[in-house]
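The form predicted on its own is given below as one chain in structure tokens.
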């Protein structure tokens, strides 16, 4: 069992993403995961060089990290890591999980928190089957989201005897908010209040991000 700032850790959540920018959808997802799955802490892991992202609007890793710190500062069970930002090269989940296992140990449970659509992408990730052995997944969905594609995937996997990740689905109403829409609104001069924490909005405007 690991100890973080005096807190014993048995179940650790990993909130990965570009956070370009971080918004209330991310924060609500992390908080719901913390509560519903009895996590001890949630570590936000801003990607340094996301290998699957082609978006030319990704701002610097340092700006994304600082906004994530600002957004999570008031929550005692949220932490922000610089692991992926400081590691050179593409930010692969397998490398992050290996580092976390070295830091916190093998005896605790790891939960990788992501959006439901990203689960299908995970099948294409580097060393995906090794990832499945190192963590479970919490897949956040919007209300009314259809899980048929995952049922079909499970059936196909059974037929082909392919290994699949262990996935827990979690319905999160705030997922209607998206980083893409926030960037579009900033560029158009539209308001983003109540989509992101006020401190994050101030950081974006003060530093002229997404213009």
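A quick note: this is a predicted structure, and the numbers were derived from the prediction, not measured. Positions refer to the first chain, counted from 1.
Heads up, the form predicted together with a small molecule isn't pictured, but that's what we're talking about next.
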Looking at 134, 123, 118, 85, which has any heavy atom no more than 4.5 Å from the small molecule in the model of the complex?
-> 118
Could you tell me if residue 179 has a non-hydrogen atom within 4.5 Å of the small molecule in the model of the complex?
-> yes
Mark residue 175 yes when one of its heavy atoms lies within 4.5 Å of a heavy atom of the small molecule in the model of the complex, and no otherwise.
-> yes
Applying a 4.5 Å heavy atom distance criterion, does residue 29 contact the small molecule in the model of the complex?
-> yes
Is residue 141 a contact residue for the small molecule in the model of the complex, using a 4.5 Å heavy atom cut-off?
-> yes
Which of these stretches, 109 to 117, 74 to 82, 126 to 134, 88 to 96, has heavy atoms within 4.5 Å of the small molecule in the model of the complex?
-> 109 to 117
Joint contact, 49, 60 and 204 to the small molecule in the model of the complex, by non-hydrogen atom at 4.5 Å = no
